[in-house]
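There is one chain below, alone, in structure tokens, taken in the form predicted on its own.
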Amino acid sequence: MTVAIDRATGKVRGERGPRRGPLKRLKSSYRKYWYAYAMITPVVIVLGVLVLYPLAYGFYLTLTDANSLNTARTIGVNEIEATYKFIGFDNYADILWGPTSYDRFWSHFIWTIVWTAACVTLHYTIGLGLALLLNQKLRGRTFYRMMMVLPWAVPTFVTVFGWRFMLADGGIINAGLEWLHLPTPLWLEDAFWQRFAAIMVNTWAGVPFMMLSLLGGLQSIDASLYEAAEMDGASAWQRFRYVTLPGLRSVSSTVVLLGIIWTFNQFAIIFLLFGNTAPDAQILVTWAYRLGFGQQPRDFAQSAAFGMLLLAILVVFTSFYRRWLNRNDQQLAI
């Protein structure tokens, strides 16, 4: 075996030198990529101030019994110091296993899961149907697309207040039902119909985004695949199942994940539609707000603990969801 030796250094060519320490590697990386570090430094600072610090402080609050009565505050010229204490993980234990855990957490958790699953399912199915329709060659297709986007383009508070007026006892919806001699539900008062109304309003507001995303995915599918399938005698359902759905796989996985995260944390629609008047229709994020700002005394520690639990649930779900998608992609590749 021939070994090549560098005459200048006396070292064997291709032989690795001693591994440099982390500080030297950092200095070398900085000298080589100093411009990139300079570009991302402002972003890191902004994220640290707006995200990391509140997150760390919120986690610290979960380890205390902080509320509006024992935190530092100023009344007139008097400054009252904080008197809350460190209690460890007692807030998490009380939320998850305490004597009122079902009413305070689990009932809202179950409703949040139902709310998220129902809304995302309706978003996707209705959005896919509209995308398939608007992907056809129709007269006035551009006008229809613009009209379909309006519920998404209108500010959320305008949409919700409009629905709130329509769902009121004397609103247009109940007036229409009464004209048809049908029952007129108490949309904003009865617990079941409150939940039904919340899903209906969120579906109206969320379908356009799903439709636009899936429409873009449909337009990226090669038309020759449909032509080949049609020549092979595939029916419309077979073309949809074996060409359209696989072609939308990457887009669908992304928009469904985004839809789940957004719907799980959908604060505006529930809060603007009901405020604090519908405890049974509150999802976890609005219930956390109610604990921290909608009652007296305001329980900052428990509200922050709800926020940490929400973050943990979404992180775990996203991790499992991505692993499931990757495993399915590997099976399809085989």
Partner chain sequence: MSTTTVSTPASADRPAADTAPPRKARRRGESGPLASLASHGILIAASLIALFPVAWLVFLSLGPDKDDYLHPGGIWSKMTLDNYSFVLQHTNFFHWAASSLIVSLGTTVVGVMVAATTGYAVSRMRFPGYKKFMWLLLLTQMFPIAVLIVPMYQILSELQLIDSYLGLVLVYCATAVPYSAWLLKGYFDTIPFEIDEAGRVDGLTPFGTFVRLILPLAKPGLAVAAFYNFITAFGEVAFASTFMLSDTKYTFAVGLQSFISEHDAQRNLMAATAVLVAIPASAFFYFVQKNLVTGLTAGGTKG
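Numbering follows the first chain given and starts at 1. The term rigid core refers to the maximal set of C-alpha atoms that superpose within 1.5 Å between the two forms. On a predicted model such as this, the values are computed, not experimentally measured, just so you know.
Unshown form predicted in complex with the partner chain; subsequent notes refer to it.
A.B. asks: I need the one stretch from 226-234, 113-121, 191-199, 89-97 whose residues put non-hydrogen atoms within 4.5 angstroms of the partner chain in the predicted complex.
C.D. replies: Stretch with heavy atoms near the partner: 226-234.
A.B. asks: For the spot marked by 26, 105 and 325, is every residue within 4.5 Å of the partner chain in the predicted complex through some heavy atom?
C.D. replies: No, because 26, 105 and 325 lack any heavy atom that approaches the partner chain to within 4.5 Å in the predicted complex.
A.B. asks: Would residue 279 count as touching the partner chain in the predicted complex under a 4.5 Å heavy atom rule?
C.D. replies: Looking in the predicted complex, residue contacts with the partner chain do not include residue 279, since no heavy atom lies within 4.5 Å.
A.B. asks: Report yes if any heavy atom of residue 47 sits within 4.5 Å of a heavy atom of the partner chain in the predicted complex; otherwise report no.
C.D. replies: Residue 47: contacts the partner chain in the predicted complex.
A.B. asks: Would you check, heavy atoms only and a 4.5 Å threshold, whether residue 85 touches the partner chain in the predicted complex?
C.D. replies: Because no heavy atom of residue 85 falls inside 4.5 Å of the partner chain in the predicted complex, the answer is no.
A.B. asks: With the partner left out here, check for me: in the predicted complex, does some heavy atom of residue 138 sit within 4.5 Å of the partner chain?
C.D. replies: Within the cut-off, so yes.
A.B. asks: Determine the residues of 144-179 with a heavy atom within 4.5 Å of the partner chain in the predicted complex and present them in sequence order; the list may be empty.
C.D. replies: Contacts from 144-179: 144, 145, 146, 147, 148, 149, 150, 151, 152, 153, 154, 155, 157, 158, 159, 161, 162, 163, 164, 165, 166, 168, 169, 170, 171, 172.
A.B. asks: After core superposition, I'd like to know whether residue 279 moves between this form and the one not shown (criterion: C-alpha shift of 2 angstroms or more).
C.D. replies: Superposed on the core, residue 279 moves its C-alpha less than 2 Å between this form and the one not shown.
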